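The chain below stands alone and is given as C-alpha cells, in the form predicted on its own.
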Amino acid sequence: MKRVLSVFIAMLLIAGTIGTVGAQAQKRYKFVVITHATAVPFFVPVRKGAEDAGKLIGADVVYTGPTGFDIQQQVEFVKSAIAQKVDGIAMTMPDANAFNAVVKEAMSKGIPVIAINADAPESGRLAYIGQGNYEAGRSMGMQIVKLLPNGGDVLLTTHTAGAENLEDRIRGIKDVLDAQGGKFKYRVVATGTDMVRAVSLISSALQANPNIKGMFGVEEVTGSAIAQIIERDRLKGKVMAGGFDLVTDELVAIQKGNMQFTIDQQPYLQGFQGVMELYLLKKFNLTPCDINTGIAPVTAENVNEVMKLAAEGYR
C-alpha cells in the first residue's frame, strides 16, 4: 500500500508539472475508458479517477461501455473507439481471450491499450493496473478463517461465472479454506448482475442449507445482495458476511454490524493511473508499467473514514 501511495503522489506531482505543458501544447489527446458494466456502482470512482486525470493533463477523457455485463457489446465499444482514432484506450478485460483481436487491431493502428481492473495478459495490452485478484481472494479467505476459526459451511457468491478476475478471487479463497484441514465446506453461487435475482438466488441457497455460517461475495453486486438479506432476515451475528468494493449497501452493513468486512481495490487509482500512463506514453514515450492498486480491507474500525471518501467518489 505504501508503494502504491508513493506512486500515486509521484504521479500527482508529475501531473502538476506537465499539466501546464499539456495546456500549452497544440495537441489535445483523447482517451477512452471502457468498462464492462457501467451501471455497476463500483465503476463510479474509476470514472472519477479517469476524468480527474484528464483535467490535470488537459486531455479529453470519455468514459463508456455496456450498462450490463456483455463481453461482445464491450468489444463493439472498443471497435467504435478505434474507428474514432482516439489516442489511447484503458479498458477492463474480464475475459481471457475475447479481446485479443480487437486489442491487436487497436495496437496495429497506433492506439495503445492498457488493461484496468480486470486483466487478459495474452491480449497484447501494454500494462495492467488493478488488484492482484488471486491475492485478494486469499485475503478474503484469511478473513473468513479469522471469523470462523472452527470452520463450517460457507457460501461464496459471484455475479458472473467464468469472469477471469472473479474466478481468480474464488480460487484464492478456496486455496486458503482447503488448507484448513477439511474444516470448511463451500458452495459457489453465480447470480448475474440483476440485484433482485441475486437476492433471490442467494436466499434460496441459504434456505437450502441451514448450516451455512457465512456468506461472502467476490464483487459488489452479490456483496450488496448479502447485505440486504442479512438486514431483511435479521441474521446479524448469526451468519458472518463479507464482500468486495465500497458500495453503500456493504458499508452501511458494516456500520450496523450486519457484515464484518469488505475488500477495497482502490478503483479511483485504476481510472486515474490508466489515463496517466496513456498520456505519458503518448507525450513522452514512457513505457506503461503494471501497477497493483492494493488490497485494503475495510472493517468496523475504519468504515466511517472510508465512507466519507466514498461519498466524494475517491474510494
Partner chain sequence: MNKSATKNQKNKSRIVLGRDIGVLIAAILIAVFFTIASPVFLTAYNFFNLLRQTAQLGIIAMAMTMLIISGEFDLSVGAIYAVTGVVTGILVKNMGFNIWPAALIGFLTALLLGFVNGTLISTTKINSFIGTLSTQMIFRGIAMVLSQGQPISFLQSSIFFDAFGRAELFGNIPVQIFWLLAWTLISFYLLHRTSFGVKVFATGDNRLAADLSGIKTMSIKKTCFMITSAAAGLSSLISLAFLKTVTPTQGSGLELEAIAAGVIGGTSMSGGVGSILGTFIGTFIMAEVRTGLVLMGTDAYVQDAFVGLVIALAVIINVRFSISKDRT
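No experiment lies behind these values; they were computed from the predicted model shown. Residue numbers count along the first chain shown, from 1.
Keep in mind that the form predicted together with its partner chain is not shown, yet the notes after this line are about it.
In summary, the region of this chain contacting its partner chain in the predicted complex, judged by heavy atoms within 4.5 Å and restricted to 156-164, 118-126, 96-104, 136-144, corresponds to 156-164. Just one of V176, A205, I71, L148 comes within 4.5 Å of its partner chain in the predicted complex, counting any heavy atom, and that one is A205. With the partner removed from view, the residue among C289, V62, L281, V44 that has a non-hydrogen atom within 4.5 Å of its partner chain in the predicted complex turns out to be V44. Its partner chain in the predicted complex comes within 4.5 Å of no heavy atom belonging to K236.
At least one heavy atom of R197 is located within 4.5 Å of its partner chain in the predicted complex. Residue contact check for E51: none of its heavy atoms lie within 4.5 Å of its partner chain in the predicted complex. Residue contact check for K185: none of its heavy atoms lie within 4.5 Å of its partner chain in the predicted complex.
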